[in-house]
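In structure tokens, one chain follows: the form predicted on its own.
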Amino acid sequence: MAGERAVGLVRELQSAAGGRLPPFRAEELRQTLEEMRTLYERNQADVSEAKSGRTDLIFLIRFRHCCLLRNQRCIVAYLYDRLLRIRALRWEYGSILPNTIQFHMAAEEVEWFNRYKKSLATYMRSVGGEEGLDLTQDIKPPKSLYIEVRCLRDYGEFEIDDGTTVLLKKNSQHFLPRWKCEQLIRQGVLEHILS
């Protein structure tokens, strides 16, 4: 039936819970566009016949046109929702996405993510004086400047503002500045220990 592939793309995104990014369905998207091209060509042929006096084709032409518009809306919704999810991933994971997420992205989406990342970095450098302002830090207002964290995996040396380096090894606990470790918490390297 006309439009089922396009609706399937939207349904898949809707079923992906919690803003998770499902794999990009290039083949389904290509098939939907091919279906739209076929519908358009049929309409073009029938329009020329309808102009010559066959008025019985008008309802079929309108139906195909509605199918074209529905497919178009579904494709735009699919692509736009994916871009919104990818934009949210920049704020959640930082400027480097895990390979498992990048694997689910199309090449054009990776390119868009890189342009968005550069645009955001340019803006953050332009505000906040010489050092810029990191908007990705302190997404939630902090209750204290230092927090206790546990390292979930080996990370290596981590430098704090005063020049001190801390060795982050698996299962080690540290009392560190919140703003320095918030990014590592989001990446799954550190875990905030709540007392």
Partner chain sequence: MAEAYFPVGPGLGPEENFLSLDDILMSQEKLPGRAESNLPRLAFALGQGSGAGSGDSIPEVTVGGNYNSRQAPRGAVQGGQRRSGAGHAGSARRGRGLRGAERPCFHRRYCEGLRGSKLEIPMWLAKGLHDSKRRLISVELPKIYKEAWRTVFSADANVVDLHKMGPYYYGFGSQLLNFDNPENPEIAQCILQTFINRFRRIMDSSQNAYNEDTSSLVARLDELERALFQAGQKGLNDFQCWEKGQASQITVSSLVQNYGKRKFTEMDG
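Residue numbers count along the first chain shown, from 1. In this text, all values refer to a predicted model and were calculated from it rather than measured experimentally.
From this point on, the text means the form predicted in complex with its partner chain, which you will not see here.
Trainee: So in the predicted complex, does any heavy atom of R70 sit within 4.5 Å of its partner chain?
Mentor: So R70 counts as contacting its partner chain.
Trainee: Please check if Q14 has a heavy atom lying within 4.5 Å of any heavy atom of its partner chain in the predicted complex.
Mentor: It does: once its partner chain is placed as it appears in the predicted complex, Q14 has a heavy atom within 4.5 Å of it.
Trainee: Does at least one non-hydrogen atom of Y155 fall within 4.5 angstroms of its partner chain in the predicted complex?
Mentor: Outside the cut-off, so no.
Trainee: For D81, is any heavy atom within 4.5 Å of its partner chain in the predicted complex, or not?
Mentor: Taking the distances in the predicted complex, the answer for D81 is yes, it comes within 4.5 Å of its partner chain.
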